[in-house]
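Single chain ahead, by itself, as structure tokens, in the form predicted on its own.
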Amino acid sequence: MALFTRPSDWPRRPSDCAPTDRPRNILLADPGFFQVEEAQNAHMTTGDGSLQQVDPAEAHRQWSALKSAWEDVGFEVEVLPAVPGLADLCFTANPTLVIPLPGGEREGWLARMLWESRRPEAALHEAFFQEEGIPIHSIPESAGFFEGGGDGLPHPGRHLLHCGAGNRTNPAAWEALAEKRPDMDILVYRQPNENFYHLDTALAPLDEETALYVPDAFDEEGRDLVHAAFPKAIPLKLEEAMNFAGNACCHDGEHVILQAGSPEAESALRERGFVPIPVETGEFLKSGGSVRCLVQGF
């Protein structure tokens, strides 16, 4: 079973893993019923403990601009329609994890969400990806909760998976996946900071050697693992990390779409040859999500 939590135990590096294709398409979901209905993470309440209030019109405007940003850099964008009662459907990273496989194939793994209100989203993703011809699998129920692409991040261009464990996804879920995919290296990160409840809020893979990451979101072993996998990793200051700069997304190895208002992150990206594309996702930050949370690449 190729599952590792420390670089000293990981005998390989990304270049030793089989090559895979980058995503070719983007799945979004219309935020027509998006609102904050319950406090599922530390970002969903205000200073006095009340729930954040979403401006629906502004949320849709921001989401439309994000959709246009993906289309402008050449991605085909598919959209799930809004569904009454599914306020968080717009966060398409979570209900499934799509894993690129060597040889150009892909497979999907259905989430089993911690919060009951989000669990019906998985069936919509299953129907969509089956229509796309992508095989869909499920983690055994005995493995507990599993939050899809929120906690599972494929390494760009390599058959390697970065996985968050402890907050939303049980470690046993990654053990179960490792048993089904013994050919794939799986790196597991513990996340002690409740502000970064999913791995995709703290780690943004950009290319085979580079990622944005939030040092404060990891323990020492996790930070060492990040640097072993991404020797050109770019650390984010906590101020910009709390602006969700670590929830950036780069699916073509060049264009990095990220939350607006993180000038140091943007400068670091330009210095390394990337093209930062800032977009405003402030309404979605009220629910603890930004660019990567709103996107499923496939």
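Being a predicted model, the structure only gives us computed values, none of them experimental. The numbering used is simple: start at 1 and walk along the sequence shown.
Missing here is the form predicted in complex with ligand ARG; even so, the following discussion is about that form.
In the predicted complex, Asn94 approaches ligand ARG with a heavy atom inside 4.5 Å.
Put simply, Ser287 is close to ligand ARG in the predicted complex: some heavy atom of it is within 4.5 Å. When ligand ARG is considered in the predicted complex, Asp88 lines it closely, a heavy atom lying within 4.5 Å.
Under a 4.5 angstroms non-hydrogen atom cutoff, ligand ARG in the predicted complex lacks Gln259 among its neighbouring residues.
Screening 224 to 232, 199 to 207, 177 to 185, 157 to 165 for residues having heavy atoms within 4.5 Å of ligand ARG in the predicted complex returns a single hit, 199 to 207. The three residues Pro100, His137 and Gln296 each lack any heavy atom within 4.5 Å of ligand ARG in the predicted complex. Taking ligand ARG as it sits in the predicted complex, the stretch 23 to 57 comes within 4.5 angstroms of it through a non-hydrogen atom at Gln40, Asn41, Met44.
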